[in-house]
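Have a look below at one chain only, the form predicted alone, in structure tokens format.
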């Protein structure tokens, strides 16, 4: 990690917004910028844990989703919906994961138009090991107190619902 800055640049940006006459949006700008920076920090931690497993967070999310699915398989369109990503992103992840033997594609047994994604035994094992590492190295050491976690879940969940992420 880089050497910490002597001051909070987001707090400085807020002051600059206020000095330029944008006081009414200075606090929301600082909050949104802080969320974006926090996402960068957390993603860097997650990527550091997942790197030895040879997967990105996006590919890990797909493996984890499949590991929770009945029989370790899901239709590609359902995986896309549950991961809340464009179908092209799922196709790209499946291509990469299939290329290293972690998933396979197959035709749905009752709907020939639907492609299933299924974990291989190697994919299931890797998902399990990666999840264990993330649980220990990231999720158990989030940097947030239990109360802060509860507040974040509530605040961000409300925002996401209001934005149409879920009903």
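Numbering follows the first chain given and starts at 1. Treat the numbers as computed from the prediction; the structure is a model and nothing was measured.
Missing here is the form predicted together with the DNA; even so, the following discussion is about that form.
query: Which one of these stretches, 22 to 30, 119 to 127, 137 to 145, 52 to 60, sits within 4.5 Å of the DNA in the predicted complex when only heavy atoms are counted?
result: Of the stretches listed, the one contacting the partner is 52 to 60.
task: Please check if residue 67 has a heavy atom lying within 4.5 Å of any heavy atom of the DNA in the predicted complex.
output: Taking the distances in the predicted complex, the answer for residue 67 is no, it never comes within 4.5 Å of the DNA.
field: in the predicted complex, residue 99 touching the DNA (heavy atom, 4.5 Å)
entry: Taking the distances in the predicted complex, the answer for residue 99 is no, it never comes within 4.5 Å of the DNA.
- prompt: Within a 4.5 Å heavy atom cut-off, is residue 73 in contact with the DNA in the predicted complex?
  reply: The answer is no: residue 73 has no heavy atom within 4.5 Å of the DNA.
- prompt: Wondering, does residue 131 line up within 4.5 Å of the DNA in the predicted complex on heavy atoms?
  reply: Residue 131: no contact with the DNA in the predicted complex.
Sequence-ordered list of residues in 70 to 90 near the DNA in the predicted complex, where near means a heavy atom within 4.5 Å: Counting only heavy atoms within 4.5 Å of the DNA in the predicted complex, the contacting residues of 70 to 90 are 75, 76, 77, 85, 86, 88, 89.
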